[in-house]
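Next up: just one chain, as structure tokens, the form predicted on its own.
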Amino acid sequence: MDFALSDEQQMLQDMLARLIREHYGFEQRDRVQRRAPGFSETFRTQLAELGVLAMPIDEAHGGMGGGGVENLVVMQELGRGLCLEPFLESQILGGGLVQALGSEAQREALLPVLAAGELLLAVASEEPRTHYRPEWSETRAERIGDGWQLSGRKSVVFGGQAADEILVVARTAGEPGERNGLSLFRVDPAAEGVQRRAYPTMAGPWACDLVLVGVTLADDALLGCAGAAFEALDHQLGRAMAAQCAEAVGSMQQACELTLEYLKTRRQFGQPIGRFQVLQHRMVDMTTELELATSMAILAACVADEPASAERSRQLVAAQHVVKRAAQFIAEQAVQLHGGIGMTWEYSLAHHARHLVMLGHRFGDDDRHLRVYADLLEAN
């Protein structure tokens, strides 16, 4: 694929890589991950000061106006560093939903502070029975006087354990599985009737489950028109899917570099084990999968901001499937080539392997991707 970063994008990548190298070592990351909120407020402040948090936000609301390629650059470096800060959840997915559905007053109130790092958003769209279908929501919101009353359960809300506001998908009409009738509400996690249980996930980042019991919301808590949130939600999930592909590619790059370095330094029978031809072949297979995944992540980044279409959806789901397959292959091969040390908690490779395997289940598994791709082909 003929693809090259512009001078500005290359500067962004170099700056972020240097910041992570100098201020986000593996030992520091391990300490941060072990305790709530599960990420470094100091590092997030540094990202804000360098304008990284403003990158995905519209220029008219205090952001940098970056698109899919800028998100790719940022997410790739965050993936290389195994960074735990909820950039995808807050800035890309949360900010994207506010831009797509919010009134001008809501954008003015939320986006500038989001770009400045003074607001942390999370998006609660998953439920125990959603299984990768954004149209499946059993959480309901009812009109009560001039406001709304919200009840239901949400699961695995990444970044929700520390979010200042959570954007909750709820049904104001229709039945679970229908696209019409979905709405999006701003919820204060400290409001009466909201319970959240925080925990670290297998991949490293923290998340929370939400229980919502008769939560009273003001009328302006609704983003967009009642019952018409599905299209925007589906489009923004596509942008998040593209960003996650880039994050996985960054983690795969680091896993391959660690493995190559190990093959060069680990000695057996008086020579580096990298001289054994069978291990060279396996390293080549890993590099080939990485190159394929990188090309698909670039493709996803280039179409992520396009208007919704069957072709955009087909390319995004294809990219997610190929990247997931490559991530699992590289994780397994890297651990095998390292031997026992590849599973050691104190070594970063083990965390890249866990991260790569879990990333493949965030926005859909193999069955989901292949079914969606086949349906899109039949529709054409």
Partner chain sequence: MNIHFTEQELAFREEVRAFLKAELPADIAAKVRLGKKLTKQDHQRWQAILHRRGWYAANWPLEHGGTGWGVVEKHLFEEECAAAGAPRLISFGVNMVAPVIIRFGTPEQQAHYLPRILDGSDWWCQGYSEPGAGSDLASVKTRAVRDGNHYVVNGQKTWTTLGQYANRIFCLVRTDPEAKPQAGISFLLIDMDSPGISVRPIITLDGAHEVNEVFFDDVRVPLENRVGEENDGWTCAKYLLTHERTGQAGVGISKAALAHLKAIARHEVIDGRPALEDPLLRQRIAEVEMRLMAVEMSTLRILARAQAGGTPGTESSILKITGSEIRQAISDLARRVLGPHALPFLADEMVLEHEGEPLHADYSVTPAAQYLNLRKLSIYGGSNEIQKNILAKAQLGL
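No experiment lies behind these values; they were computed from the predicted model shown. What we label the rigid core is the largest C-alpha set whose atoms superpose within 1.5 Å from one form to the other. Numbering follows the first chain given and starts at 1.
Just so it is clear, the following notes concern the form predicted together with the partner chain, a form of the same protein that is not shown.
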Only hit among Thr201, Ser103, Gln280, Asn180 for heavy atom within 4.5 Å of the partner chain in the predicted bound form is Gln280
The one residue among Arg29, His321, His338, Arg354 placing a heavy atom within 4.5 Å of the partner chain in the predicted bound form is His321
At the 4.5 Å heavy atom threshold, is His131 in contact with the partner chain in the predicted bound form? no
When the contact criterion is heavy atoms within 4.5 Å, does Ser295 count as touching the partner chain in the predicted bound form? yes
Heavy atoms within 4.5 Å of the partner chain in the predicted bound form: does Gln195 have any? no
Consider Glu108 of the chain shown here, and say whether it contacts the partner chain in the predicted bound form, taking contact as heavy atoms within 4.5 Å. no
Only one of 262 to 270, 133 to 141, 152 to 160, 220 to 228 gets a heavy atom within 4.5 Å of the partner chain in the predicted bound form; which is it? 262 to 270
Is any part of 311 to 335 within 4.5 angstroms of the partner chain in the predicted bound form by a non-hydrogen atom, and which residues would that be? Arg314, Gln315, Val317, Ala318, His321, Val322, Arg325
C-alpha of Asp14 off by 2 Å or more between this form and the one not shown on rigid core: no
